[in-house]
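The form predicted on its own is given below as one chain in structure tokens.
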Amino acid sequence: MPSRADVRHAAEIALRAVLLATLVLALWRSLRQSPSASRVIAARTETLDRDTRRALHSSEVSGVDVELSAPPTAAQRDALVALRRNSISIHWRGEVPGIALEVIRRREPAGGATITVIGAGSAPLVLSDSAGLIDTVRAGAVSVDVGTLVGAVSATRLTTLASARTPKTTPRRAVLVLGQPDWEEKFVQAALGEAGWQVRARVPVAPGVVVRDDGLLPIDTARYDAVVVLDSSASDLSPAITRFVQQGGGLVVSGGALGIPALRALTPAAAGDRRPGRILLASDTVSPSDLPFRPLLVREDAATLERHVAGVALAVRRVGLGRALAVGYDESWRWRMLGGFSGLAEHRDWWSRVIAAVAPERADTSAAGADAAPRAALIDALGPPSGAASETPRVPEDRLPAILLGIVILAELAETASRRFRGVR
């Protein structure tokens, strides 16, 4: 009958045989696989980081087949792009809802922003910033005006997230008002000043006598965001105004100033015959539709911004690097003075929006790190969704090397322990 030592010795021989057989199998497998052997990794959203790292560090991977249940992050998308640039084919598919988000800073001094979000589907979109919830909107294209934003803005639907950074603001430059000393000139200045614009003016009060701010000239984009021309008293400054607009400044031409010959090449419309405003009763209030009005004859390269019952009231066009806007209303001061309780605020806000429509955008609109349209960015980076990769066989993750390594370690440890217990080295 074999002794216990003989049994242990036989077991050690068996373990040594297992160890040698495992090493031979590993050697045979490594020699049998050609260096050019390739395979496709099946990746999912939950394992995408791990799978892209495997593909990056393996010379055997020829493609990655991605099944998405949510949009990849910007870092994951960049990793897939890097793999494709290294001759690894990328195929993706899955339900990635289309959401696009844009944040535009309003150009008025009061600030604020307009959030525009577009999304398909029936589930609601949740808008929020770093401070918390802003609003919940339904599908389609929706714009939301907000007074303040904190950090990045995000739109979330189920597992889909779109984000955009709020553009940084910069101080606005001055607005130059040119007009004769009348109610219109006085209250346009007042409205813009109340809205937060820095206002400078030149007012001719008599032949050869002009009241103006110190340092009024030169008229250039280093000093001014926009120039407002209210009547023909600005004719002598037409060359400087033309140069200012060509270099990127804004121009607003109102009322009788639309007839200045030197400015006709800039303005987006010519003015028709003046129509008197509505005759008011004692208890009436004035709205824009009641003001004296000159219908605008809009040029083909101009865009209409506002309409009056009698025709176009506001039109704008690009001129060089700047913008020019024509106003068909006359005597807008009546709106402020006779517009009831809301007339003053409405007149002020309206003039501020008019200037903002032509004032150059001086904000930093970069959105580094944001992903405002995840599906669009994914298609732009990797192309449209497709089926699974077919040029190479799709195989699961190869776990055999790890199993063989475990067998080798266990066999070696067991044999060594047995020999030590027997007192044999």
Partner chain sequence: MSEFVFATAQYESGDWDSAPLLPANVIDSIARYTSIEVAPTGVIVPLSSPSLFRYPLVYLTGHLPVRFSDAERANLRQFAARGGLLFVDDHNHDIDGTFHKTATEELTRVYGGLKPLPKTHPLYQAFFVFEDGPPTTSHELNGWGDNLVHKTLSGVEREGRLVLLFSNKDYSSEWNYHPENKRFLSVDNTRFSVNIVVYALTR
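Numbering follows the first chain given and starts at 1. It should be emphasised that the depicted structure is a prediction, and the values quoted were computed from it without experimental measurement.
FYI, the form predicted together with its partner chain isn't displayed, but the following is about it.
**Student:** According to a 4.5 angstroms non-hydrogen atom cut-off, is residue 126 in contact with its partner chain in the predicted complex?
**Tutor:** The answer is no: residue 126 has no heavy atom within 4.5 Å of its partner chain.
**Student:** Is there a heavy atom of residue 77 no more than 4.5 Å from a heavy atom of its partner chain in the predicted complex?
**Tutor:** Close contact is absent here: in the predicted complex, residue 77 is far from its partner chain, nothing within 4.5 Å, heavy atoms only.
**Student:** Can you tell me whether residue 243 touches its partner chain? I mean in the predicted complex, with a 4.5 angstroms heavy atom cut-off.
**Tutor:** The answer is no: residue 243 has no heavy atom within 4.5 Å of its partner chain.
**Student:** Should residue 187 be counted as a contact of its partner chain in the predicted complex, where contact means heavy atoms within 4.5 Å?
**Tutor:** Residue 187: contacts its partner chain in the predicted complex.
**Student:** From the candidate stretches 259 to 267, 205 to 213, 85 to 93, 245 to 253, select the single one in contact with its partner chain in the predicted complex, where contact means a heavy atom within 4.5 Å.
**Tutor:** So the stretch in question is 205 to 213.
**Student:** Find the only residue in 220, 182, 290, 346 having a heavy atom within 4.5 Å of its partner chain in the predicted complex.
**Tutor:** Contact with its partner chain in the predicted complex is made by 182 alone.
**Student:** Taking heavy atoms and a 4.5 Å limit, what residues of 336 to 357 are near its partner chain in the predicted complex?
**Tutor:** 336, 337, 338, 339, 340, 341, 344 sit within 4.5 Å of the partner.
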